[in-house]
Every structure is written in C-alpha cells, then in structure tokens.
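One chain comes next, on its own, written as structure tokens: the form predicted on its own.
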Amino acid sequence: MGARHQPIVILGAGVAGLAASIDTQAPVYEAADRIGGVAAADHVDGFAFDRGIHVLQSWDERVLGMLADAAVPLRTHKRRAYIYSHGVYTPYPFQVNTAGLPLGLRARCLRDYLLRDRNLEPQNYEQWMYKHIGRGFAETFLIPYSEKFWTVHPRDMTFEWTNNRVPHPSAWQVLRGALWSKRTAVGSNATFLYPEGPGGYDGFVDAVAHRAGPVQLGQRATHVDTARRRVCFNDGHDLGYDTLISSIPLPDLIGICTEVPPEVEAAAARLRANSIMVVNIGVQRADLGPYHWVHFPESDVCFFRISYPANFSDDVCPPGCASISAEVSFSASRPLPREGLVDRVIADLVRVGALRADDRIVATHTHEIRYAYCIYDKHRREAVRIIRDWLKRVDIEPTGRYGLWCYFWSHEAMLAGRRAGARAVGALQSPT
C-alpha cells in the first residue's frame, strides 16, 4: 500500500473538503464516522439537532444550483430572532428594537448613538462598536454578548470580520425602534433558506457530497511527510500526493507535518478559537414559541444562544414534540464547568421562560465543537500569512473555515473548497 499515489488528496469531509472534491473528484479522508463536520446534524430518539445554528443565507446560483441538482427541497424563512436582556425579549437587531427596554436605558442608548464619534479610527472591535453603534448599545448588549460568545474581550479583537456579520442600521431605524417596537429586516440573514426533511442541515451537506468523489470515513491523518509528499493514516496505510488539500484546523495540520520551520510552529501556537458545547433538549410539547433563535448577553444565563429546530423544519422532531438547542461557549481562558451542565441549561431555560417547569424532557444530548469560531485577535492575520506561505511551498492547499482560519458561513466554506479544488487542478496542469 506504500506505493499508492493520488495526484490530489483531500483531508476533511466537512462542506469545504467535500466541495474541493466536486471538480477534482479526488478522494476525501475523514477522521469521523460520518461526513459534514460542524455542519452535520445529530439524530437522537427521533430528533435532529444541528451542531449550532446553520442556515443558508446565500442566493448564489452556484450554491442554489448544487442544491437543486441534488433535489434538496428548501423552505424560505423570514428571520424571527430575539435578544433576552433585562428580563425582556427584544427583537433582533437590538439597536433598532429598544422600545420594550427601561426608559432610562433606552434614552442612554439613543443619546450615545446620536452623539457617537463618527471620525474615530478604531483600533479594535470595542472601538469599532463605539464608532458604529455608540457606547450605550455597545455596553448594554454587544460587548457583554461578544465577551460571552468569543470568550475574549472585544478590545482584544480586530474588526476585520464585521462587514456583513454585524447589522448596520440607519439612524431612522434606530430612532424608530426606540419609540415603538418594530421587527426590522436588517442584516444579512433577515431572509434565509433551510432544507426540508428529517435530516436538518444534513440536507445541505448531502447536496455537496452528491457531486463529490469517494469519501473514506474513519481515516484520521496522523503524519504528513512534507518532503516525500506522503500522508499517513491511523490504520497504518500511507498515500502519496502531488497536492494535499486540507480543511482540518491549521493547528492540527501543522502538528502532524514534518520539517515545520520554527516560525511556522510559533505562528500555529498563536492561533486561538473558542469551543462550543451544544446542549440539545427534546420536549413533549409541540409549541415552544415562535422564535428561530434568541441571544443571551447577560452573564447569569449559562448559554449565549438558543435555537428552536422545529421552527426551521416540521420534520426534525417526533409528532407532538419540539426541541431547543442551547450553545455554551468556552476556551482555555474561560473553562467550561462540565458537571451538571445539562441540568444548569434546563434550569436557565425555565428561568428565562423558554421551558415550563412541568415540561416533560424526553431527550437530552450534547455535542462538543472543539474548534467553533476562529478568534480574530491581533496575532491572527500575520500568523495565518506565515503558515499559508509555508504550506504553499510544500504543496498543501488549506481551505474552509479552519484551513483558512476565518469566520465562514457554510456556503462560503463550500465556495472556498471549490476554489481550492480549482487551484489544485490548475497546478497539475501547469507546465513544470
């Protein structure tokens, strides 16, 4: 088996790795026993639970055409997202829906928004908030929520990722929202698509896999010989390649490569990400409320966000049941107290009114996402550049959310995989 060779080999069968195989038809090697990575859904006692919130917020014909080709039915949703703050459910985005908040807090948010320094040259994400939404909105919602979500303070982050991730309302929308509550279609996912059927977001994953090449499950890359261009797997076999496309997290990739320069190892050590524990609750009650998801900025609630799977699809819960997925963020700088976590989540769900004390819980499940969101701190950009420059020299093409170490939505990860596949094919066709 040591003599085996493939022109292109792909590591990781998340949507980026699968997409890289669409044009190359190269084999994909996945460490887990199923495809999809963080975009997969977990199936427990008749419930389908996505691994965190996944929605399709792209109208790109390349994406929609792929779904149509795989005959994946889609439902269009108008976002029903809320923020729970000061004991009130406020429609998202917060800055255009403050009418239900205490008058003094509302006045402060509006005053600080109107008097904010528009000429400020922000040096970090916290200052970016002050410039764009003012101190009141920042300190009431976005700073505590960001610190809870990312597990680092916004002053320690850059703002290069915020372009279409944080809504940018107009002054009129902010003023109107302070006078009367109105759901405003602000932000990139005000309208989104979601697969129909019992599989949850697996429908999107299956659509990408529909056109991909062969996938080998249970095959963890344990060693990449960058000099000989060979990758070894956990079952002992190895495989030669001309180009290796990798969608696995950059720190893990560098950790299994040979002959890594010290500066590249140091760069990989500087990369940071948060982790998320998804706590899934199945309930014997059909209607838990109208929401798609709710954000929780305040520290006395253990989760930063919950979602309601049955409001995305009618087919992801058994008859007469509904479910809630709660997300709890953690990292090395903010460890997760694991003991009793499910009970704490249920207690907080009751306290915020998402569950009733007499609700019958019929299923519980947890899933840990070790790398959830790549943290955009001051070291990230240069560290990624150093790593990518070296990977290019040894014919490794990183791709996807974790290979490129960036904040991608699922369709962006898929398109990045397609681009990586095209580059790999182009490299093979180039004259030596």
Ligand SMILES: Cc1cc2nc3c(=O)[nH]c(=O)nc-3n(C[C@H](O)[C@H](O)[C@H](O)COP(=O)(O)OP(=O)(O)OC[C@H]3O[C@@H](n4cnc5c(N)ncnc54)[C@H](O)[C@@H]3O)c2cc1C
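Bear in mind that the values here come from a model prediction, so they are computed numbers and not experimental data. Position 1 is the first residue in the sequence shown; the rest follow in order.
Not on display, but discussed next: the form predicted in complex with the ligand.
Q: Work out which of the listed stretches, 396-404, 360-368, 60-68, 383-391, brings a heavy atom within 4.5 angstroms of the ligand in the model of the complex.
A: Heavy atoms within 4.5 Å of the ligand in the model of the complex occur in 396-404.
Q: Only one of 354, 221, 174, 257 has a non-hydrogen atom within 4.5 angstroms of the ligand in the model of the complex; which is it?
A: After the contact test, the surviving option is 221.
Q: Counting only non-hydrogen atoms and a 4.5 angstroms cut-off, does residue 52 reach the ligand in the model of the complex?
A: The answer is yes: residue 52 has a heavy atom within 4.5 Å of the ligand.
Q: Residue-level question: is residue 418 within 4.5 Å of the ligand in the model of the complex, judged on heavy atoms?
A: Looking in the model of the complex, residue contacts with the ligand do not include residue 418, since no heavy atom lies within 4.5 Å.
Q: Tell me, yes or no, whether residue 97 is in contact with the ligand in the model of the complex, where a contact means a heavy atom of each within 4.5 Å.
A: No, residue 97 stays farther than 4.5 Å from the ligand in the model of the complex.
Q: Check residue 424 for me: does it contact the ligand in the model of the complex (non-hydrogen atoms, 4.5 angstroms)?
A: Residue 424: no contact with the ligand in the model of the complex.
Q: Kindly indicate whether 29, 38 and 408 are, all three, within 4.5 angstroms of the ligand in the model of the complex, using heavy atoms.
A: Yes: 29, 38 and 408 each sit within 4.5 Å of the ligand in the model of the complex.
Q: Scan 325-340 and write down, in order along the chain, each residue with a heavy atom lying within 4.5 Å of the ligand in the model of the complex.
A: Counting only heavy atoms within 4.5 Å of the ligand in the model of the complex, the single contacting residue of 325-340 is 327.
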